[in-house]
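Okay, so here's just one chain, in structure tokens, the form predicted on its own.
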């Protein structure tokens, strides 16, 4: 016995119905709601075969069937093979991100909120790690006779500033000229590479050692702060509105997982070179997500630095729509950061 076209049509109808209702599906429901030209008895026999093949589960003897994780996997793989990744929410997404405003942290926080509002699931947006970030601009602004505000901007929008010591003979024009020289020498270098360049400059300009030391310290601080990806959430309580999480202990475990973040960060860091990943129930390897699916997509900053966006929902989530929204969001974030660099 194997999966044929008729069995797949019935399975697809069961999945579509269960996604909408969260109620076990019976043969009579399929016969009435979906025009297949099949009798209820024929559908019931096919459902028995699908259960034997591992695609359906029967929670109670007298109840209808519900899709298994294996069924959702087949369903999602068919969606991806067919290329049915589109969304009607692209225009709405563009309205939220018409232009880049604020730091990258602000952008990913807003992206998480937009994702959760569009999908009604729990959303996650992970920033790229700082190791690959490059310096885009550096500016020295006079504060007092012996101090200046140093501002460092990376290609991914990370902005850090600190007050550093400068020689009293450096006026605003001199600091502007030094800013231009530093920007020229450090632009497009990663934070780690910039440290080597600054050390070389210290040997070249020994009289500016104190100022260059202050610059080196801030670059090092930015690098250390960005060694770990940042994770923003949206709609953390959304999943509690689904009947699958009406159980208090199950809900508590899920919220605890979100609070700890480490497990989710490890999950999101996997397969970052893949356009989409869909992990269904046990495929996540996380007990708290055994009744959930995690769907992720990537966005790009610069030539190679990647971040990840994702959605967590019940295994009966609307996969086609979620994949479409994630695809549009990833493209929008990529364009947004690319435009910001121009």
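Positions refer to the first chain, counted from 1. Worth saying up front: this structure is predicted, and the values here are computed from it rather than measured.
From this point on, the text means the form predicted in complex with the DNA, which you will not see here.
> So which of 289, 295, 47, 317 reaches within 4.5 angstroms of the DNA in the predicted bound form, heavy atom to heavy atom?
Residue within 4.5 Å of the partner: 47.
> Check for me: heavy atom within 4.5 Å of the DNA in the predicted bound form, for each of 27, 42 and 61, yes or no.
Yes, all three are in contact.
> Hey, in the predicted bound form, is residue 65 touching the DNA, heavy atoms inside 4.5 Å?
Taking the distances in the predicted bound form, the answer for residue 65 is yes, it comes within 4.5 Å of the DNA.
> May I ask you to check whether residue 278 falls inside a 4.5 Å heavy atom distance of the DNA in the predicted bound form?
No, no contact at 4.5 Å.
> Contact with the DNA in the predicted bound form for residue 335, defined as at least one heavy atom pair within 4.5 Å: yes or no?
Residue 335: no contact with the DNA in the predicted bound form.
> Give a yes/no on whether residue 38 approaches the DNA to within 4.5 Å in the predicted bound form, heavy atoms considered.
It does: once the DNA is placed as it appears in the predicted bound form, residue 38 has a heavy atom within 4.5 Å of it.
> Is any part of 114 to 128 within 4.5 angstroms of the DNA in the predicted bound form by a non-hydrogen atom, and which residues would that be?
Nothing in the stretch sits within 4.5 Å of the partner.
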